[in-house]
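Here we start with a single chain on its own, the form predicted alone, put down as structure tokens.
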Amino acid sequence: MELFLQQVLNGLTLGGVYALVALGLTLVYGILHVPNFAHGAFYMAGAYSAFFLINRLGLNYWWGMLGAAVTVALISVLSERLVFHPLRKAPYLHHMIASIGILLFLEAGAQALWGADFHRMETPYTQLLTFGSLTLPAQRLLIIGAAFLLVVLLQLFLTKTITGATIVAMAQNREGAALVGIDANRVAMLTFAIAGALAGMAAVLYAPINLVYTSMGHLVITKAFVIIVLGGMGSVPGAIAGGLIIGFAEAFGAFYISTDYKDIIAFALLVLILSVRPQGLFARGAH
């Protein structure tokens, strides 16, 4: 039973991180209507920003996370203004190529600044908490708590505020939203800022139990694509549910089958669900 609960904890940890990254990706999909491959580089940029603030400038973990969120939000908004906005009337293929270009640019920039070595980010939460016979690392509990808090806050923002409603309206129909007076440019920048901040915070939460390196966003963004396809492209509830499904599938698959197959399990699950429900688990639309 203890081993089963341990896998539940691992699944919630992975699912929380995946859901945060997938939420940003699905929000931006509502604006661009194409997958933003640069989102993986935003995740990487968040980890490096926090690593610099914590390990080089000596700030504490929470200031490092805040700084990473602001930095990645700015990078994300700049990419929207300088790259995606000028391409708004171009074919969608141009957006995809541009997003790959941003991904390569940011990775090359990080490697030029910090080198190709792997780095370890320090965390003050190294304690092991014991509940009966169950041992829980404090950092994993922090990841679960922070991820679910951020998901709840984002859902409340989208459903309970006028600004959030404008993001939902624009994701559903950009031209219609502009006709009723919604400033499409402002909403697009805000959406990119939120998506970037979520990716940055997800990276800071997960980096202390992983490593910081320039290609760290590749597998995460691939899983995020799987998640938003599973949940339904553009669906916020789908991104949350998809993140948890993939997180639990990986955790239990790695334990009961083999760690060698944990990444394959996610993609096998994608093929299985799409063969039964091609539109994903949730209807399209950021709501």
Partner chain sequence: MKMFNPTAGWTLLLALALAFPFMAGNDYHLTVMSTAYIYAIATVGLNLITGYTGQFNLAHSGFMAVGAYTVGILTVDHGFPFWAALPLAGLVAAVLGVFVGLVSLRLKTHFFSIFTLCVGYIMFLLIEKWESLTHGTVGIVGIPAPEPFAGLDFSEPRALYYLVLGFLVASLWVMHRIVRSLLGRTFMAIRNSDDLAQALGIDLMRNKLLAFVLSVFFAGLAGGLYAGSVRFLGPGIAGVEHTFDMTMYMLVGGIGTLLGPLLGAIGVPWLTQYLQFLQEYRFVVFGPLLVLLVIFLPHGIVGTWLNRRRRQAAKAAPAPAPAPAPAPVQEVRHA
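Only a predicted model underlies this, so the values are computations on that prediction, with no experimental measurement involved. Just so we're on the same page, rigid core means the largest C-alpha set that superposes within 1.5 Å between forms. Residue numbers count along the first chain shown, from 1.
Below, we refer to the form predicted together with its partner chain, which is not included among the displayed structures.
Contact segment among 47 to 55, 33 to 41, 249 to 257, 65 to 73, judged by heavy atoms lying within 4.5 Å of its partner chain in the predicted complex: Answer to the contact question: 33 to 41.
Its partner chain isn't shown here, but in the predicted complex which of Pro124, Gly145, Pro86, Gly176 has a heavy atom within 4.5 Å of it? Only one option qualifies, and that one is Pro86.
Only one of Met189, Met96, Val168, Leu141 comes within 4.5 Å of its partner chain in the predicted complex by heavy atoms, so just point that one out. None of the others qualify; the residue that does is Met96.
So, Phe105 and its partner chain: in the predicted complex, are they within 4.5 Å at any heavy atom pair? Contact check for Phe105: yes, within 4.5 Å of its partner chain in the predicted complex.
Its partner chain contact at Leu270 in the predicted complex, heavy atom, 4.5 Å: Residue-level check for Leu270: yes, a contact with its partner chain.
Its partner chain contact in the predicted complex: Ala241, any heavy atom under 4.5 Å: Answer no; every heavy atom of Ala241 is more than 4.5 Å from its partner chain in the predicted complex.
Whether Ala112 contacts its partner chain in the predicted complex should be assessed with a 4.5 Å heavy atom distance threshold; does it? Flag for Ala112 set to yes.
For a quick check, can you give me the residues of 208 to 243 that have a heavy atom within 4.5 Å of its partner chain in the predicted complex? Read in sequence order, the residues that approach its partner chain (within 4.5 Å, in the predicted complex) are His218, Leu219, Thr222, Phe225, Val226, Val229, Met233.
Does Leu9 move its CA by 2 angstroms or more between the shown form and the other one when the core is aligned? Comparing the forms between the shown form and the other one, which are aligned on their rigid core, Leu9 does not shift its C-alpha by 2 Å or more.
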